[in-house]
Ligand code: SAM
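Shown below, as structure tokens, is a lone chain in the form predicted on its own; questions about how it binds or moves come after it.
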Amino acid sequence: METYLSKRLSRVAAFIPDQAVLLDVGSDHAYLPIVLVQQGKITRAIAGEVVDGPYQSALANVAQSGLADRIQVRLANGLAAFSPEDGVTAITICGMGGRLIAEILEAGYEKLSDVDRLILQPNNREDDLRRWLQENGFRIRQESILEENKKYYEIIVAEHGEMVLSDEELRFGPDLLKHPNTSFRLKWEGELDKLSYALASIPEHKQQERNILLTKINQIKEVLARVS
């Protein structure tokens, strides 16, 4: 069975340490662990899935790949898919909202002490996820942003440690601010357009609502002016 990763998941895969024992939360079709084991990049993996349909799909794909001895597919919610004796050293959580990823990490927080690295790909509310990491003993080691199918995806790589982020770093990403690329600029130019459109639809007398949007708009303009 030959499996290919999307551009987004290929970027996620690049941040997974060699010979890691991986837990892929919300693994869907188990493509990520299958490819990584096939490539010899990781030792073994657990593909966790909470929905029965994708769980069955992951089971079938792992069986077809001939890797059932290296990849376990488990029907479980979030970090309930593994226990300390599994020896998980890296966790990927991709394609969910930032708040949901934070909730998943919070719910299984006691299991994270022996996990070396988190590779997280939120679809939105990246600031909420960064705030959770900051408040729970994790530091951001690296970040990446890319465009695929006209959508922008941020990847946050975190390890145990301390960090203090400014409001601007929480929103835009400390590493992304230091190393902005075309995708970063295009994402925030798009956000600026959306907020400006929303502002135009708010009546002048609703000043409080307008001020909230204006603050966000001005913050984006300041960042774009620096990175352009």
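Start at 1 and count along the sequence shown; that's the residue number. Because the structure is a prediction, the values reported are computed rather than measured.
From this point on, the text means the form predicted in complex with ligand SAM, which you will not see here.
- In the model of the complex, no heavy atom of residue 134 sits within 4.5 Å of ligand SAM.
- At the 4.5 Å threshold, heavy atoms of residue 29 reach ligand SAM in the model of the complex.
- When contacts are judged by a 4.5 Å heavy atom cut-off, residue 122 does not count as touching ligand SAM in the model of the complex.
- In the model of the complex, ligand SAM stays beyond 4.5 Å of every heavy atom belonging to residue 67.
- Only one of 186, 60, 51, 164 comes within 4.5 Å of ligand SAM in the model of the complex through a heavy atom, and that residue is 51.
- Remark: of stretches 71-79, 135-143, 154-162, 110-118, the one touching ligand SAM in the model of the complex is 71-79 (heavy atom within 4.5 Å).
- Residues 76, 77, 78, 94, 95, 96, 100 are the members of 73-100 with a non-hydrogen atom no more than 4.5 angstroms from ligand SAM in the model of the complex.
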